[in-house]
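Presented below, as structure tokens, is a lone chain in the form predicted on its own.
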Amino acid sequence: MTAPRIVVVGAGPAGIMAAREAKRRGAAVTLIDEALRPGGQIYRQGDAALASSGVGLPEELAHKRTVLEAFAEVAEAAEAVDYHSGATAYAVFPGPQLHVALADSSRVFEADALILATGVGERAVPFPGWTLPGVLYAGGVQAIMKAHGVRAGDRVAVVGAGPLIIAVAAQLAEAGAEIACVTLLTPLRVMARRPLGLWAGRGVVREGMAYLRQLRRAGAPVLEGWVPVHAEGAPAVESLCVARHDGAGRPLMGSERRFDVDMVAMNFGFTANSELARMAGAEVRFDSVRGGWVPVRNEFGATAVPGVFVAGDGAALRGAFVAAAEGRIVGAAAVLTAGGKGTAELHQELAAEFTERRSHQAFQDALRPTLDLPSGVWSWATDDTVVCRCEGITQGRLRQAVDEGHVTVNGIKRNTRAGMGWCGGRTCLASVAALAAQGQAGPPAETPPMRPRPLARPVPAGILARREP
């Protein structure tokens, strides 16, 4: 009997664990990843030539070693996983067929089951000055430290919502940066409303407390209930003004504080990289906290599209621990489904994985309120603030389109070109959707997203022309 062909996109915790589980069950596995080394964003590795002990607390680095050991298990086996690093999956067609750009050519991978473990991107909330050089995503700043051992600034403001900015600020301080301020949209104490969830994630809570202690030792002011007002500087950022907000995200005039900085790191949550799933035909629903438009799937990661599965944060933001447990579940289910078998017995066979996923999901539910964006945050941008960076579309132009009756994201896209640039809307889509929803946190769950089209990622035309047979 021919082994089922499983193709996995993404070598983060979900993708690695899915590939390992599928390989253990006798499948022929191909693993595609954009990065040069496995680990994903959370467990990103630096260049092999760098003598770095890694960025993060000992507990996080131990989890990272566990995931990378799982990768080594399948990469170094006699019949190893077919691993392609530095490869871009840019389209999915029925079959499922996955179209991939490799280093100097392109290839079509036919699969009996396709597992999309594509993770998330960072979400921005536009404010005046956010496009200045030196204003960066917090996760991007962290990636630079992890991959290259370089900090992106010397005097830094870290702004946003949720726990990532606490970790990034502490890691920057550990790397020698002066932390001018850390502003949190929502106080972290809101998590105490779900004590059982905090207990389920007590290991992560301990890591968070350790990062807060690092910030206190560094003398960094942590301002809870504060938001950015505007960044200024020429040619790059030189200062940031922040203010308390009114509870709905609108800055309270008269409470402003100004900080001299040479870098601003921001993060207001995440958006699921669901383009490939949507291109495959998977149904999606909007969840503003879990990643915007996230694929609808069953407990085994299966979408309504035959042979297409989604695992990890690309299915809904829930963290690395959920992603790893879910990867094992989805990898097993994909092999059984591809072989024409049922998945019911997996409940007992992978009972520990299902329990682990539920436990860490409970912690993520406790964390959720810290990432809620009240409607007032969408008032930060002025009419001349650029929202779509690729096409240079301002908030005023978007408001004009809505006033003229273009109230869907596709309608705004056609009218203004917002979302037509290189990023395919990943940077601006949340802002465009909020504007289309007339200032709410986002559209109703059933509202369709921007229509996905190949190419999901920019790919050189020469690579497309050199297609391998």
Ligand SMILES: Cc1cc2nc3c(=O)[nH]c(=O)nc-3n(C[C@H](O)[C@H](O)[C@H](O)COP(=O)(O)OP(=O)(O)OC[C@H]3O[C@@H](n4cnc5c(N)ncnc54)[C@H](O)[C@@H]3O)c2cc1C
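What you are looking at is a predicted structure, and each value in this text was computed from that prediction instead of being measured. The numbering used is simple: start at 1 and walk along the sequence shown.
Heads up, the form predicted in complex with the named molecule isn't pictured, but that's what we're talking about next.
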| query | finding |
| --- | --- |
| Proximity to the named molecule in the model of the complex (heavy atom, within 4.5 Å), stretch among 408-416, 22-30, 429-437, 41-49 | 41-49 |
| Among the candidates 89, 185, 114, 272, the residue which, in the model of the complex, approaches the named molecule to within 4.5 Å (heavy atoms) | 89 |
| Sole residue of 158, 323, 310, 334 within 4.5 Å of the named molecule in the model of the complex, by heavy atom | 323 |
| Contact flag, residue 228 vs the named molecule in the model of the complex, heavy atom cut 4.5 Å | no |
| Any non-hydrogen atom of residue 14 within 4.5 angstroms of the named molecule in the model of the complex | yes |
| Partner proximity in the model of the complex: residue 119 to the named molecule, non-hydrogen atom cutoff 4.5 Å | yes |
| Distance check, residue 240 to the named molecule in the model of the complex, heavy atom within 4.5 Å | no |
| Those residues of 133-157 which, in the model of the complex, come within 4.5 Å of the named molecule by heavy atom | 139, 140, 142, 146 |
